[in-house]
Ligand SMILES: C[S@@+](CC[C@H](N)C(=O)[O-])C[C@H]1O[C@@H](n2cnc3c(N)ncnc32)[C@H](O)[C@@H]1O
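There is one chain below, alone, in structure tokens, taken in the form predicted alone.
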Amino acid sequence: MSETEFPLPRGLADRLRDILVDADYTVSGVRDRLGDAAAKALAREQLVPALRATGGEERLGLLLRLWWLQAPIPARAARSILPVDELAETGLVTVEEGPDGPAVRALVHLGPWELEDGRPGFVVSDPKVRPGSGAVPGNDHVVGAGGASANLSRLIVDGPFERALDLGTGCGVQALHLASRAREVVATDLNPRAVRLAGISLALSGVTGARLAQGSLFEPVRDERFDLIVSNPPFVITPESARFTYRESDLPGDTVCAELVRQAPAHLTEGGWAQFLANWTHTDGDDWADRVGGWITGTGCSGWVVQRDVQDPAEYVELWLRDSCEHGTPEYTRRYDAWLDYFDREGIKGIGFGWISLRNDVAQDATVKVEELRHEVEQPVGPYLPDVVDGAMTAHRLTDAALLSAHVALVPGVVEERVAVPGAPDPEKIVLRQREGLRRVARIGTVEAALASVCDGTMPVGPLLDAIAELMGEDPALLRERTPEALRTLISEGFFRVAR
């Protein structure tokens, strides 16, 4: 393990940031300059429309061609807006002879980012290796912020926190998100190049309260504790040793995700959170939910595991071979075949992707909620995620007797829907639907529907059930006996909350 200083002099970082902001090299500025057509073409890996949209020697166009599109720009024009020699000394650009004279070429991708407080920030990574270029990323390649980064950032619970850790920081994008939530941020990575580029991202974004360290998993912070830990780990499941450090570890299968979950509680303060993206295997004779939930059981943490997607082995292999730009290369078929052989040997029938969130409740009766949510949910998840875990924990702890004496209220944003044949005296189906948050749907019976119509937290559940029994001509004792389990599930899933 080693501590790392910021690799960009503060004075140079401040000057470059001022240049970028003054030129409107921001998320909105880049979007407006490129326009919809060029942006859509870039999503298809087509550069020509974007190059046309950024032509000429106007500052923003030059910066976009250099840092975003990775196109050399004339040295004369570059020197008119950038401290080229100082940037070359730090390895961010190089000056080379081009067909039309000296040109400046970027050695990194520098993209605009929007910080949590709305200020402009910047993320520095290795240049994107585009399909069809004939190039393959190096082992120490540092990827930029993408879809997975955005998923994790929307999952992070709100602060404020005293200390936060970005484990496996990569280009530093999560550390930027943590900077607005925590007084002190620590960012670590096994890859020394990732630590360096993350440091440049933080420096350019004006983040000064962060510490950088190089090392594997929790080694760089062996004896430290944090209020918040986040990680987008190298979770790709592959038969080979770590080919690309940004996505694969040397641990077999989904072990790296299991190890993160098992080790995290020792590094959390009481009440602290750990939040990860993860992959896990689906195998013959093995329930993924029981196995992944088992990673958390016994840690003293409440947990919420959500499976957002499942891919079959062929889909999974194709995704990651595309990611490494190996389609069309001689290695493609060999690696594809070897990968499927590995999945066959291990009995892997599918690979799940999702979220894992832990809260260190230091409780023997801490509960773990494991579920699959494929539908769209309200984003960001972080602001209401603690309520999800609280609901599951409360439902787990409530005995039937405690539930009957509890004051329960319908959660705001929950509506009732009934499906019935016109003119029929009774509905065929009654459901509760969440218009906010996780947007779950629960099919309920007439008793639960009656409770939903009257539960406002002012009366205990037991007397309400007695009144419902009288109106329905039911035995109150039977309703008190059979209703708590259904109501407990509805509390766990966020349709009801215990008022007091």
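Start at 1 and count along the sequence shown; that's the residue number. Predicted model only: the values in this text are computed from it and were never measured.
The following text describes the form predicted in complex with the ligand, which does not appear among the structures shown.
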TODO: State the residue from Val306, Val157, Val143, Ala71 whose non-hydrogen atoms include one within 4.5 Å of the ligand in the predicted bound form.
DONE: Val143
- [ ] Name the single residue among Pro137, Gly215, Gly206, Gly382 that comes within 4.5 Å of the ligand in the predicted bound form, judging by heavy atoms.
- [x] Gly215
- [ ] Find out whether any non-hydrogen atom of Gly352 is located within 4.5 angstroms of the ligand in the predicted bound form, and reply yes or no.
- [x] no
Task: Contact of Leu190 with the ligand in the predicted bound form (heavy atom, 4.5 Å) - done: yes
Task: Partner proximity in the predicted bound form: Pro234 to the ligand, non-hydrogen atom cutoff 4.5 Å - done: yes
Open item on the list: Whether Trp280 contacts the ligand in the predicted bound form should be assessed with a 4.5 Å heavy atom distance threshold; does it?
Closed with: no
Open item on the list: Within 4.5 Å, heavy atoms only, one stretch in 173-181, 344-352, 383-391, 363-371 touches the ligand in the predicted bound form. Which?
Closed with: 173-181
Task: Those residues of 162-178 which, in the predicted bound form, come within 4.5 Å of the ligand by heavy atom - done: Asp166, Leu167, Gly168, Thr169, Gly170, Val173, Gln174
